[in-house]
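The chain below stands alone, shown as C-alpha cells; this is the form predicted on its own.
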C-alpha cells in the first residue's frame, strides 16, 4: 500500500522516543517510519564522563537501535540539507555517498554540536565530550599522559602532561573534571610510583560567576567544595584566550603548561537548521507548541535544535536543551503526529523539568529531584537510579549496573585501547560542521 513516509532526522533522545511512540501508535498500514542516523545506537550522553573515566564501558551507554525499534527503517547516514518545498532530505551516508530521501512528514531532531568560539588553536587542540568516540579517545589520551609523564626525565614536559584543563562549569564539564580527576589520582597511586599524585593538577574553568548554576546557589556551592576538597582548581569569570600543543593561556593572564584541554562550554543547534531557511532564535528553529514549523508543510522540529515554547513557565521562554525535555518531546510528538494522521487535533507540549542529577564520582554527587536539594550518598543514589531508569533497554541497564559494581569492587586497570594511534582526537576530527548544505545548494540539487 502507498502509505505516508515519516522521516525522523537523528537517533538521539527525541528521535528515538518519537520512533518508539509512532511504532506503538500506528499500524504498518498507517505509515512507514524511517530514521536517519549515522550510528546504530542511541547514545546516553549523561554517562559519557563515566565512559571517559572507565567506570562504565562504551557499549553500556549505547543501546542498539535494533533492540529499541522493531519496524523502523534505519538509514545509516546524516541529513545535510532539507528542501521543504520539494519535501526531500539530502542524506550523506556513512560511505560518503549523497542521496535524496523523500518524505511526507518530517520530524527534525538533529540535536546539537559543541559550541565553540573564535579562539586561536581551539579546533586543533581541544577535545570534546559530545560523542562516544570522543569519550573513548579522551580516556586514551589522559592515560597516555600519565604513561608519558612517568617515562620522561624532562621536568617541564612532566608538568605539562600532568596538568589538565576542562572548560565548562555546567553538568557535563563538572562531571568530566570530577570523574577524570579520580581516574588520574587512582592510576598514579596504583601503577605509577614515579609520579607524585600531588603533581597532578586539574583545572575547571568557566566564564560564569557560579558553578552548576542550573542547580541553584546552595548545591552549586556544595559541588564546588567537593571538587576543591579533592584538589580541583576552579576558576570562574575566566575562559581560554588561546591554546597550543603544550600550553593553555587564560583570559586572566595565566599560562598553564598543559597537553590536555577538554572543551565542554555548551552546545549549539545542528548546522542542519540553516539549510531550511526557517526562522530561528539563538540558532534553534522556532516552532509552535505542538512542534510544527510555521510555514513549512509537514515539518516538525523538537529536541536541542528546536525552540519549543516552555508553557510550564508561561513567561515566553523556550525549553532548555536537555535530554529530559528531548525524550518527553519525542513521545509527545509521536502522539501528535498519530493524531494528525487519524484526523484528531494535536496538543501543545507542556512539561515541567524534574530537575538535574550530577555524579561527581565515588560518594560525591549533587542532585535536585522535584526541587529537593540533595548531596553526598543520597544524591548519588538518586543520580544512578535516574540513569538506570532513563536507559532505554534492560540490557543497557544491566550492563551499566554491573559496571558500577565491578568498578567499585575491583577498580580499573587504566589501559589504553590504542585508538589514539596517529590521530589526536580533537574537535576538528569530530565536529564535521562543514558538510551541511545551504538552502541554495539544496534547491540546486533537488530541483535540478
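Numbering follows the first chain given and starts at 1. Note that the coordinates shown come from a computational prediction; the quantities given were computed from them, not determined experimentally.
The protein also exists as the form predicted together with a small molecule; that form is not presented, and the subsequent description refers to it.
Visitor: Quick one: which of 137-145, 107-115, 311-319, 205-213 gets within 4.5 Å of the small molecule in the predicted complex, going by heavy atoms?
Guide: Result of the contact check: 107-115.
Visitor: Are 77, 130 and 323 jointly within 4.5 Å of the small molecule in the predicted complex, each by at least one heavy atom?
Guide: The answer is yes: all three residues contact the partner (heavy atom, 4.5 Å cut-off).
Visitor: Evaluate residue 18 for contact with the small molecule in the predicted complex, applying a 4.5 angstroms cut-off between non-hydrogen atoms, and reply yes or no.
Guide: Residue-level check for residue 18: no, no contact with the small molecule.
Visitor: Answer yes if any heavy atom of residue 356 is within 4.5 Å of a heavy atom of the small molecule in the predicted complex; otherwise answer no.
Guide: Residue 356: yes, in contact with the small molecule in the predicted complex.
Visitor: Can you tell me if residue 172 lies within 4.5 angstroms of the small molecule in the predicted complex, counting non-hydrogen atoms only?
Guide: Heavy-atom contact with the small molecule at 4.5 Å: present for residue 172.
Visitor: Is the gap between residue 430 and the small molecule in the predicted complex 4.5 Å or less for some heavy atom pair?
Guide: No.
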